[in-house]
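As C-alpha cells, one chain now follows by itself in the form predicted alone.
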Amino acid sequence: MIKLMNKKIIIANWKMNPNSLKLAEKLFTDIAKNISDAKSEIVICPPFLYLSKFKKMSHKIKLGAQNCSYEESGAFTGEISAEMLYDIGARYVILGHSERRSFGETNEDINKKIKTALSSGLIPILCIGEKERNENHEYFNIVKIQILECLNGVKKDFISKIIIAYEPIWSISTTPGRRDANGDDFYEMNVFIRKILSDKFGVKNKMPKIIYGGSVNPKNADEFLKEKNSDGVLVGNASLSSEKFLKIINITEGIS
C-alpha cells in the first residue's frame, strides 16, 4: 500500500551517474552512514542497474527510479516496467523530468506512466515546469496544462499519493543562459499548483507534497524549505557529492 508520511522529503536524482558500481557504492555508503537519526524521508534515484545492489545496503534510504514504461510487459526492447522496479526494491519513480520531455515524451505518455506506477505500488514524482518566464505570465498556463493532462483520469483518492516537483527549466544548470530561481518564484507557483488541484479534484485537505527541483544546492535549500515552506527538494548535481547532499539533508532536518 502506498503511504506518504507527513514530513519533508529529499530526493536525489543521480541521472546517468556515477559510471561504475564501485563509485556508486561509495557515494551511497557515504550518505547512508551519516543519516542514522534522519527524520526526513530520503530517497535516492540511481541508474536502474544499481537498484538491486542498494536494496541490500541500507534500510534508512528509500530507493527510486528515474523513469518507467507505461506498458506492463511484452515486446518493448529496452523498457523497464513499474512492476519490475517495485520488485527490485524501488518505491518511488521520477516521471516527466524535463530531460525526458526534451526527448519527446508527452503529457499523455507521462499520464499513462503515472497510472501504471500507482497501480504497481510506486509513488510517482511528477516533474513540471516552464522553459521560460515572460511578462505576459504565459508560464502559468503551461504549468496548468502539464498538471491537468498528466493527471487526467487519475482518481481523486490517489492525488495525495503523488509528489509534484516544480522544476523551472530556466533555472536548471544545463540550460543555456540559465538564471537562479528564488523562493518567491517557487511560492508563487506552489500557490498556483494548489489552486489547480483544489479546483480540479477538490483535495484541499489531501494535497500531494509539492517540492522544488531546480538546481538545488546547500546555498539555496534553506530558502525553499524554510522561508517558502516547500515539502522537500529534488536534488540533481549536488546529490553526486555526499558532502553537499548531506548538507542539504542537515538543513532539512533543522526545519522538519
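A residue's number is simply how far along the shown sequence it sits, counting from 1. Quick caveat: nothing in here was measured; it's all calculated off a predicted structure.
Below, we refer to the form predicted together with a small molecule, which is not included among the displayed structures.
Chemist: Among 210-218, 47-55, 186-194, 31-39, which stretch has residues whose heavy atoms lie within 4.5 Å of the small molecule in the model of the complex?
Modeler: Of the options, only 210-218 has residues within 4.5 Å of the partner.
Chemist: Would residue 130 count as a contact of the small molecule in the model of the complex, using a 4.5 angstroms cut-off between non-hydrogen atoms?
Modeler: No, residue 130 sits far enough from the small molecule in the model of the complex that none of its heavy atoms falls within 4.5 Å.
Chemist: Is there a heavy atom of residue 106 no more than 4.5 Å from a heavy atom of the small molecule in the model of the complex?
Modeler: Contact check for residue 106: no, nothing within 4.5 Å of the small molecule in the model of the complex.
Chemist: Any of the heavy atoms of residue 143 lying within 4.5 Å of the small molecule in the model of the complex?
Modeler: Answer no; every heavy atom of residue 143 is more than 4.5 Å from the small molecule in the model of the complex.
Chemist: Can residue 173 be called a contact residue for the small molecule in the model of the complex at 4.5 Å between heavy atoms?
Modeler: Answer yes; at least one heavy atom of residue 173 falls within 4.5 Å of the small molecule in the model of the complex.
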